[in-house]
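Here you get one chain, nothing else, as structure tokens; it is the form predicted on its own.
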Amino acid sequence: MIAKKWNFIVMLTAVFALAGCASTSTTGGASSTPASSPATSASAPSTAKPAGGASVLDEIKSRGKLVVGVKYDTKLFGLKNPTGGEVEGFDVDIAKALAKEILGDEKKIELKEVTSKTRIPMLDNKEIDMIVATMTITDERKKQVEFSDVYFKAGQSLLVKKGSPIKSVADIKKGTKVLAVKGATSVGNIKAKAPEATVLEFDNYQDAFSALKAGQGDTLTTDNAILYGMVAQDPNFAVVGDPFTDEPYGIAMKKGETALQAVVNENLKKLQTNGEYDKLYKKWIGEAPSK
């Protein structure tokens, strides 16, 4: 009888132990972090995949929030307003539109700052669900992420102070100092087009633009759409020459997340069909997109 009671106690203990383990499994939870600010709390909820290998799309729907990496330093696409602290731009509005389509409310979104250098590592570390940050689709990057269809077409150009002798990429010679941003495709492109130039790389676009204004370089190169945003900040500068590359922007998701990729593509097409895309394009870029 004692042996039977002992066996029952052992079995009961095991049942409670299993129940305790189940209660500690990690699931995605909503964060109290404001939508316009990156999470800073060390106790922020884990973004690890729930048991059963749920997709990122499942996690988004489960937590009721889309976490998107955007730039904070790129006027027209993603720039943090120094007055109100809100992040504003074409990419930001595209991300909000996707949140509305996926979750029913554009406010169900959290924006986190990325740069050209940090965006893929943050995606791989599951700090963000997707990247909407002037990211050019390339064959090399396709090995690292899943891309959406093209949502914006740009081309690499040059920014100079008005009156500069540099009128196109052909004017970049030996000794010319070209400013660019780390992690951007523009670095490799300009080295190929002007191999004798000295290329100085910065962490973000605002730092590079500040360096150009301070006379630390002769020209700044990146996608023309980003350069137009700099001209809007300071009309003493101008974009010169024709674009010398094609820069199709895509929304990036973690490699293998094809379910999320399909939903993003479906909703991008919907935004183009219902006229919302054109409305956002005109709001930020200033003219209807070319078809």
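Residues carry their position along the shown sequence, with the first being 1. Predicted model only: the values in this text are computed from it and were never measured.
The form predicted in complex with a small molecule exists for this protein as well; it is not shown, and the discussion that follows is about that form.
The closest non-hydrogen atom of residue 205 lies within 4.5 Å of the small molecule in the predicted bound form. Using a 4.5 angstroms threshold between heavy atoms, residue 184 counts as touching the small molecule in the predicted bound form.
Residue 98 falls outside the set of residues with a heavy atom inside 4.5 Å of the small molecule in the predicted bound form.
The small molecule in the predicted bound form is approached by residue 116, whose closest heavy atom lies within 4.5 angstroms of it. When contacts are defined as a non-hydrogen atom within 4.5 Å, none of 176, 212 and 219 contacts the small molecule in the predicted bound form. Interface residue among 66, 226, 252, 260 relative to the small molecule in the predicted bound form, by the heavy atom within 4.5 Å criterion: 226. Site annotation in the predicted bound form: the residue of 141, 153, 161, 193 reaching within 4.5 Å of the small molecule with a heavy atom is 141.
Residues within 4.5 angstroms of the small molecule in the predicted bound form, judged by any non-hydrogen atom, belong to 244-252 and to none of the other stretches in 227-235, 54-62, 262-270, 244-252.
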